[in-house]
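As a starting point, one isolated chain is supplied in structure tokens, in the form predicted alone.
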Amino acid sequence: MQRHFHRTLPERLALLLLLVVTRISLAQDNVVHPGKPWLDDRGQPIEAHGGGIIKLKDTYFWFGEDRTQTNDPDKRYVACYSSADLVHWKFRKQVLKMSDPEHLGNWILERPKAFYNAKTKKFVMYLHLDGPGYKLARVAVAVSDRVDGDYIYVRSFRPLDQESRDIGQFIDDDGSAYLIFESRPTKGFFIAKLSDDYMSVEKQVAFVQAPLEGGALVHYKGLYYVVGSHLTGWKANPNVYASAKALGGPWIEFKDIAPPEANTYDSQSSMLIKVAGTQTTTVIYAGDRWTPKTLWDSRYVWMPLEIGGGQIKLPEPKPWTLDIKTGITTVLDPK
């Protein structure tokens, strides 16, 4: 016997509202909100400041400075997160919990960048190691057998016998690995190829005569693009970019990536993430919005770039979505 259920108008409206709220919730679940708190699978803020990302098969791994308030103040920490879509991140662990390795006193550990070496099957992490007054200016190297394993400190050195402060990483389309590092005395930054085992810097590929830090690189449609930040400490400034046909240059004159008065939308370049999808290739600007007095609450400004033909434009940050398979991004109206 067929039964007919008749809902009242308030019941129908309530059901409709529930469906709308559910759909909005599901849609927002895949949205990146630049500058807003970004939570991991535990519901905790992601602690991956000054970080770097590598991709293994279909999984991205994000490493960064873990500034959690409850950390031991005498140690420095690096956290690792994983994601299949660059939006939802799973906390793996604190892969580095290190005491002062060189007895520097008030020591500094910043901008961790991990590489996977296919020959040695090792994961090699580079970090900026410094002491009081940022006078040490070295890179540190730590190694692990697993991407989210415990990274063991090996040594520190000055790459190419040059001072090294902010570092960046670049992995070209052919798998070659490079370190980007700022050298204050030379008033510029170096792009250097890593050795076969990634344990040292092999040779200089380019020296870019521009006093910039926060170097980030991407290879897109036959051109190399580099983004950097002016030397203003924690304070945001107008980041700039240049392009070149070859990694060794020559690099075309630097230009602003956003209106200068926006100060890169209160962020500093950290990395450029290339997503090669089935329909398009997207390049994501990933920046840090530093809060010096509460570093644990520093936020992330991620935004798809307008890029091509030697030009870069960083649009005003708005909520956006990414289809990791197709590479298509959609910027949403925040209203």
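Numbers for residues come from their place in the sequence shown, where the first is 1. Bear in mind the structure is a predicted one, so any value in this text is a computation, not a measurement.
There is another form of the same protein, the form predicted together with beta-D-galactopyranose (GAL); it is not shown, and what comes next is about it.
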{"property": "beta-D-galactopyranose (GAL) in the predicted complex: contacted by all of Tyr134, Asp166 and Glu213, heavy atom 4.5 Å", "result": "yes"}
{"property": "Contact residue in the predicted complex, from Pro259, Gly175, Gly233, Gly248 (heavy atom within 4.5 Å of beta-D-galactopyranose (GAL))", "result": "Gly233"}
{"property": "Sole residue of Asp85, Glu102, Glu110, Glu202 within 4.5 Å of beta-D-galactopyranose (GAL) in the predicted complex, by heavy atom", "result": "Glu110"}
{"property": "Segment assignment from 233-241, 218-226, 149-157, 70-78: heavy atom within 4.5 Å of beta-D-galactopyranose (GAL) in the predicted complex", "result": "233-241"}
{"property": "Ser267 within 4.5 Å of beta-D-galactopyranose (GAL) in the predicted complex, heavy atoms", "result": "no"}
{"property": "Residues in 172-194 close to beta-D-galactopyranose (GAL) in the predicted complex, defined by a heavy atom within 4.5 Å, in order", "result": "none"}
